[in-house]
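Next up is one chain by itself, shown in structure tokens, the form predicted on its own.
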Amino acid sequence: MLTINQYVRAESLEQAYELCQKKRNVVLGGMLWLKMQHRNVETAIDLCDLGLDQITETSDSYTIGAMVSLRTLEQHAGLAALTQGAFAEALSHIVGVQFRNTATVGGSLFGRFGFSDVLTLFVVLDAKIELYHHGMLSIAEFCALPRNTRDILVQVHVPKTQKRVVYLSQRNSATDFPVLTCAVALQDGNCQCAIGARPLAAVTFTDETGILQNGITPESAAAFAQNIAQKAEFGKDIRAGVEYRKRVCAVLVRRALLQAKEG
């Protein structure tokens, strides 16, 4: 059971940050994961009045506010064009439309959940996370922060880099948490691959040994995929074991590479 003693609609990021420093205070976000917890919250901090529910475009990037819903992200035409539909593929399997209408980008990212489809995709897009106190961080720097970091996620910045992007995931059943997630981005002959839901948070790999240096073929894609499956660290949970995740990884990476090659 979740008990909230006080509710505050923050009037500024500064106020939200100051309130957030107390251990028993929490930022609500979409409140979808929070409401399933058994805890006593002293002050619930709502960011809904801070204008963070917009996606803005500049000449070289998209800026996504922390309160943007996953459904808005899923349906955004500009981001769809930038990623060849990868956002829709990554988000459309998350529970259902009603859930995605309420779940927020900030809530999906700040917890750095291992099962996060959103985090896996943002990794290969070279996104930057803007925190109120820590400032602008790469995804890797953001994920390396201590779990007890008390800060406010303000925005996500996605550069308009021309990449071929493919997102794939494996689920035991529709709308379930993923067994494994995979995002691949190709740019100027270079490949970046992110593997998430290991069940640990997403990690990224590149073609360090030059397996793809002569181009992507069924054979080189399979070899690269096997290499990633061997290097990645996997764990077990109620959805899958280590060996199954390793096999799924090899399949998803190979498929994603071949799809990215086809554009």
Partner chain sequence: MNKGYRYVGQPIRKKDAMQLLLGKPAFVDDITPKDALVVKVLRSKYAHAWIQEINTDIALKVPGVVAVYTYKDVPQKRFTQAGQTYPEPSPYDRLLLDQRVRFVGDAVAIVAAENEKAADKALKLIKVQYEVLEPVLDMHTAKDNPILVHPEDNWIANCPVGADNQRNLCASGSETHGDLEGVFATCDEIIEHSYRVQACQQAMMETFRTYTEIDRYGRLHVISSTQIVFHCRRIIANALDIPKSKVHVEKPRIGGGFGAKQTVVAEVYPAFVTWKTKRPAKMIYTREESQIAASPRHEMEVHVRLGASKEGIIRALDVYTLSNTGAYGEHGPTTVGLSGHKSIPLYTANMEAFRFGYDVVYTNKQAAGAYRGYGATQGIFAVESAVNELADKLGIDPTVIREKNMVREGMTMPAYYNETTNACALDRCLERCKEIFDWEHKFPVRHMPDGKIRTAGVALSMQGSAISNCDVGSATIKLGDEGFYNLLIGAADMGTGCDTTLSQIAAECLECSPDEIEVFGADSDASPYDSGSYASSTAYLTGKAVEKACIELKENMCRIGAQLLQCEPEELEFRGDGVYKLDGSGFASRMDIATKSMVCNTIPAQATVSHTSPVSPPPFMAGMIEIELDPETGGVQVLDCAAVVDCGTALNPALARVQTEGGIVQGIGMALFENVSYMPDGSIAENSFMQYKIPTRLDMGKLHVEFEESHEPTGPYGAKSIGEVVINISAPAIAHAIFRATGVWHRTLPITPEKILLAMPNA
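The structure displayed is predicted, hence computed values, not measured ones. Numbering follows the first chain given and starts at 1.
The discussion below concerns the form predicted in complex with the partner chain, not included here.
- In the predicted complex, the partner chain sits within 4.5 Å of a heavy atom of residue 248.
- Remark: residue 190 does not count among the residues lining the partner chain in the predicted complex, judged by a heavy atom distance of 4.5 Å or less.
- Although the partner is absent here, residue 170 sits close enough that one of its heavy atoms falls within 4.5 Å of the partner chain in the predicted complex.
- Not displayed here, the partner chain is approached by residue 174 to within 4.5 Å at the level of heavy atoms in the predicted complex.
- Residues placing heavy atoms within 4.5 Å of the partner chain in the predicted complex fall in a single listed stretch, namely 234 to 242, out of 200 to 208, 54 to 62, 234 to 242, 213 to 221.
- With contact defined as any non-hydrogen atom lying within 4.5 angstroms of the partner chain in the predicted complex, the contacting residues in 1 to 37 are 1, 3, 33, 36, given in sequence order.
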